[in-house]
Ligand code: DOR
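One chain follows as structure tokens, the form predicted alone.
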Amino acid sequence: MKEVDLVIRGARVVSPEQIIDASVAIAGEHIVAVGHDDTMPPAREEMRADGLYLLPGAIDSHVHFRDPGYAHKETWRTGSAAAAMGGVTTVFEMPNTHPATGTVEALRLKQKAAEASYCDFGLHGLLGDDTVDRLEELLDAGVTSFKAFVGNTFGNLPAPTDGALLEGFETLAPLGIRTVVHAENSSILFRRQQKLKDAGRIDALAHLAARPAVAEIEAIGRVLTLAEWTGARVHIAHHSAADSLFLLREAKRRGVDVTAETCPQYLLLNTDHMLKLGGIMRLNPPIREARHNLPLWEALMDGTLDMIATDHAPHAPEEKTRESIWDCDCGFPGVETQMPLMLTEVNRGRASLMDYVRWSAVAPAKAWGLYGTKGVIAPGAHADIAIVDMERAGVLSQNRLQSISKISPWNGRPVKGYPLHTLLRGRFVMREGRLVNEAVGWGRSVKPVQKMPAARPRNTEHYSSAILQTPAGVPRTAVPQGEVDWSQA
């Protein structure tokens, strides 16, 4: 039997369906065997994992590593180090850097910065009025997916018009590419925020008052309408409100290809915490009242919400602690703390480890076209593994975060359940609770292994988003192509 690089013995391997006692053999970047201990091949290195659990490395669909443009907040090296420490082996990074990832030139800057990554990554390109004609060019250059900031957030990128959003979905639908949407109604947000400012409100809850749940409800409804019309794949980012869950349930029932994430902060925090922590808690969408927490948990359990992400959005401490809530930057670090927070809830009986693997690895792998290569511990898959001790207890400390942003609402929170080791494509990037510094730069783009099957438009009256050219080369607006019987496609 051929010798392999590593055999992990005596562990419990977790999938969404079961937890089994098994050993795992790794050769190069891939898993080659999962089974009984006495069936494992000889190995250059063996590791005992008695009493520990092997989880597929977490895939975080929503991080902001801030580079290029805001390196004082985070860099690819520090952000990906935080991911490795948190059992996260793949991230999808957002385009609201500076410059925004809406041109090939800007993408090249980000790809260069990402050469320092400890984890694998996908890059969301920007879908906006100024970029909608470049989507296929960006895909060819290496983006894996797109992000549309329908709601205003850090970076102050203008929301795409409904026309541009529709056109973008028309372009991406036949390609099968999924678009992440920050779903809040910017018109509501801007108007209410200005009225609150004019009234002299600078307190923490003014931020929530400016971004009511109806802003999320309206935007999700609008996005789902356009997605259903075009057949585009969409992903609702950082779902925060109980009141908009019915839209996802109904859309999924009708067959709309929509996935959705929520974040630990929307499951575990509410306005009671905001009153205590103030601007540290400012993020978009806002932390809401306690009545939203339980329905979001229930939506995860019944599949209305598909996955856990973090919206890891670091800022310098002084940018989070200003007197006026309007002057506090939005977001906080989360990629390093997500796994211990969620494992703690598993230990409390809120969910099972199998549920957690579905939310943290399997669902995102499927949404982004990676399942089989990532998101599973099975022969042929990348050896992306988080080795977890469910009995280890501790207290989260913002001062120990790998992120540059040493400020967190989770500071001082007791947790039980930690990743002890993280392997990315067969290599330890975190071992025995410590970052493996030699693994810097081991991360790479998932673009070469991404497989997004083509989507099929659902409507029968299809409008091309391609810009037609007159003989003189003058652009003309898109025109109807007539009815298409997609059942025969």
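In case it trips you up, residue 1 is the first one in the sequence shown, and so on. Everything quoted here is computed from the prediction, not taken from an experiment.
Absent from the display: the form predicted together with the named molecule. The rest refers to it.
In the predicted complex, no residue of the candidate spot (T89, R358 and K374) has a heavy atom lying within 4.5 Å of the named molecule.
The stretch from 305-313, 197-205, 288-296, 164-172 that comes within 4.5 Å of the named molecule in the predicted complex, counting heavy atoms only, is 305-313. Under a 4.5 angstroms non-hydrogen atom cutoff, the named molecule in the predicted complex has C330 among its neighbouring residues. Though the partner is left out of this view, R77 does not reach within 4.5 Å of the named molecule in the predicted complex, counting heavy atoms only. At a distance threshold of 4.5 angstroms between non-hydrogen atoms, T153 is in contact with the named molecule in the predicted complex. In the predicted complex, the named molecule lies within 4.5 Å of some heavy atom of H238. In terms of contact with the named molecule in the predicted complex, the residue from H182, K110, H124, R178 that brings a heavy atom within 4.5 Å is H182. Note on the partner interface in the predicted complex: the residue among Q402, S145, T101, N284 having a heavy atom within 4.5 angstroms of the named molecule is N284. The single residue of 77-106 lying near the named molecule in the predicted complex is N96, the criterion being any heavy atom within 4.5 Å.
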